[in-house]
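Next up: just one chain, as structure tokens, the form predicted on its own.
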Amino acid sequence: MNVLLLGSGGREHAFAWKIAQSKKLKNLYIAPGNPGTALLGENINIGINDFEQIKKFCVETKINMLVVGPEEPLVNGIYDFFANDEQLKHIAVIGASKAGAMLEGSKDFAKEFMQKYNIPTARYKTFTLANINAGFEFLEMLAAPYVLKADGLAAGKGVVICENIDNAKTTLAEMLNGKFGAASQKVVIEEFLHGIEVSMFVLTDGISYKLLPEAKDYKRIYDGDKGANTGGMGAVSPVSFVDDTFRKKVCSQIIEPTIAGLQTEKINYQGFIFLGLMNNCGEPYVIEYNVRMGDPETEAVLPRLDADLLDLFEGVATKTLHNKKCETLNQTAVTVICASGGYPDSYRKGIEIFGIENVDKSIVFQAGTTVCNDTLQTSGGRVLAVTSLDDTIENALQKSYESIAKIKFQNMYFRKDIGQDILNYKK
């Protein structure tokens, strides 16, 4: 089949890498893609939210399937755009409908949904500038630390954790007064959940589902989980504390009520559900929903997936996912992000990258890269995702760091402690 993949990051490079292995693939196109995806298919210079140009390309190229990588086109309704267009409605779209994408597009909607369907999550309330004083009062009812979330999409930066009440009140006022633009016109305040985080992933056709390999990502910029939040500095899969008992709880208490709730609400959902979970003494709680795969978790999850990804997607499109094979390799994947110096604050772009061609024991997924004057250069904060597979986490870690030693660009930065908490947890 002819496939169009939307997106340009490390997640999309990983998707392209996995899709390119499918026996069902005829042609793969990526819009807009990056230099890494160009090695696996054909990059198309179309923006992810330019629905009319996407339509034109799909019609002209006889696209059979659209795979949506990022959340923004889903929240903006690309699924509905295809479903309601006579020239496009025959094309399978792997991604949530606009109504389904509200699980990520609105934190308030997601929390209401969880409350309605008895899905375990933290206690919360939502506030606007009009009732900010009530927000201050609610904060005083909670124990520190305090979790404040912009209601809308804020490029992964809309969650702020405050250690004391004064800082929490100041942050609430800043957010409601436009710190994150329209995304924080409403702010969700919720109680802080203690425990250890894990990301779990579901592919669903709206009726049945497949549970994909779990992962743990590392958001903070510095070793020891210190410093500013980033889009993610690395990921490990599997996660040692996710055993069969925990998985069964996640399935029965979270995934199945979520899919049943979507059906009850008559929300069409054919794609990924990302569950950001807290493991609190063996009990799972939902921190957040996302309506796409995570980044950099995808770069650790897809290499462990023992399945034809297009075959799974075909099952989603035809609502026959329950018949499809979806197994997991019994190996550990470790992904380490190589970032631009200064990220997540200001950083230089256009720095030449050397040595990727020398890496032979790992997969190098490109994220913030571009080609200029026939040289590979940096173009973003998170530049490369170096993923290694091995029988143990120790060996996979060693491979990734040995591979990174072969890669060079000025001011390259990476965390040295990815996976160490899981090693310590095992002990």
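Every value quoted in this text rests on a predicted model; they were computed, and no experiment measured them. Counting begins at 1, following the sequence as shown.
Below: the form predicted together with adenosine monophosphate (AMP), not depicted.
Participant: 119, 267, 122, 153: which sits within 4.5 Å of adenosine monophosphate (AMP) in the predicted bound form by any heavy atom?
Facilitator: For this set of options, the contacting one is 122.
Participant: Which of these residues, 169, 219, 247, 319, gets a heavy atom within 4.5 Å of adenosine monophosphate (AMP) in the predicted bound form?
Facilitator: The option sitting close enough to the partner is 219.
Participant: If we take heavy atoms and a 4.5 Å cut-off, which stretch out of 90-98, 157-165, 331-339, 352-360 is in contact with adenosine monophosphate (AMP) in the predicted bound form?
Facilitator: Flagged stretch: 157-165.
Participant: When the contact criterion is heavy atoms within 4.5 Å, does residue 136 count as touching adenosine monophosphate (AMP) in the predicted bound form?
Facilitator: Residue 136: no, not in contact with adenosine monophosphate (AMP) in the predicted bound form.
Participant: Should residue 109 be counted as a contact of adenosine monophosphate (AMP) in the predicted bound form, where contact means heavy atoms within 4.5 Å?
Facilitator: Result no; residue 109 lies far from adenosine monophosphate (AMP) in the predicted bound form.
Participant: Looking in the predicted bound form, any heavy atom of residue 262 within 4.5 Å of adenosine monophosphate (AMP)?
Facilitator: Residue 262: no contact with adenosine monophosphate (AMP) in the predicted bound form.
Participant: Answer with yes or no whether residue 256 is in contact with adenosine monophosphate (AMP) in the predicted bound form, where contact means some heavy atom within 4.5 Å.
Facilitator: No, residue 256 sits far enough from adenosine monophosphate (AMP) in the predicted bound form that none of its heavy atoms falls within 4.5 Å.
Participant: For the heavy atom contacts within 4.5 Å of adenosine monophosphate (AMP) in the predicted bound form, list the residues of 286-301 involved, in sequence order.
Facilitator: Read in sequence order, the residues that approach adenosine monophosphate (AMP) (within 4.5 Å, in the predicted bound form) are 287, 288.
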